[in-house]
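Presented below, as structure tokens, is a lone chain in the form predicted on its own.
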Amino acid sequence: MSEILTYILGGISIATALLVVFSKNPVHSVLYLILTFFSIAGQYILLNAQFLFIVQVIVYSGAIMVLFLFVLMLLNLNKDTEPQKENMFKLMGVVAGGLLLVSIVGMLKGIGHINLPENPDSQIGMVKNLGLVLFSDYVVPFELSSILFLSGMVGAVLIGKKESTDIN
């Protein structure tokens, strides 16, 4: 049963991702991207990765998509204000797309079916186990990354702060 759901969610992911790329309306593209993110989140549930499911739903389907929708509404794009692209940029896009296609074909070569474990460990994707490993084996890199994020936030505040211009 889970293999059938995996194929269904995979098909939905591929179909909605293609609709994101080929949709003419940017708002429709964002809505299709939300559907893509939710179908990927469903695949995480099938893999028993609850933490990745929650992160996918909250961060990507929630915050990022709201940000995209607000940007699209604020930009108010239409044909008159849209800048025309040069042929060089179109050529670079075609070359990049071709290289991506070659990479995907090379990656998919020889893949015939999905190898799902017959007796999966029910505790492997749980948040409790992730926390235990994170705070025992990887506590030093975790704390160093928190210090890095803190210094980045302080730097962003200092850069964004307006300088006072005292005229005395």
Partner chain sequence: MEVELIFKISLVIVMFAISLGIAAYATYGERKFAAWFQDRMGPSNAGPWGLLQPLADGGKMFFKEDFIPAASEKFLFILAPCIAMLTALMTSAVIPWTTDVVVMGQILSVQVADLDIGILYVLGFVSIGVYGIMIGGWSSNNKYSLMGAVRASSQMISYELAMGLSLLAIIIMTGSLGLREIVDGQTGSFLGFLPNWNVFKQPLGFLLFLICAFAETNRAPFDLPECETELVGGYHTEYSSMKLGFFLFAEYINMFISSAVIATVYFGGYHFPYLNRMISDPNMLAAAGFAVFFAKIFFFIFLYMWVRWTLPRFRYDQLMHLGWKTLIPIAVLNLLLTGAVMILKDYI
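Numbering follows the first chain given and starts at 1. Not measured: the values here are computed from a predicted model. Only the largest set of C-alpha atoms that superpose within 1.5 Å between the two forms is called the rigid core.
Quick note: we don't show the form predicted together with its partner chain, though the next part is all about it.
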**OP:** Determine the residues of 34 to 51 with a heavy atom within 4.5 Å of its partner chain in the model of the complex and present them in sequence order; the list may be empty.
**Re:** I34, F38, Q50, F51
Original post:
Does A15 show a Cα shift reaching 2 Å between the shown form and the other one after rigid-core superposition?
Top reply: no
Original post:
For F142, is the CA shift between the shown form and the other one at least 2 Å following rigid-core superposition?
Top reply: yes
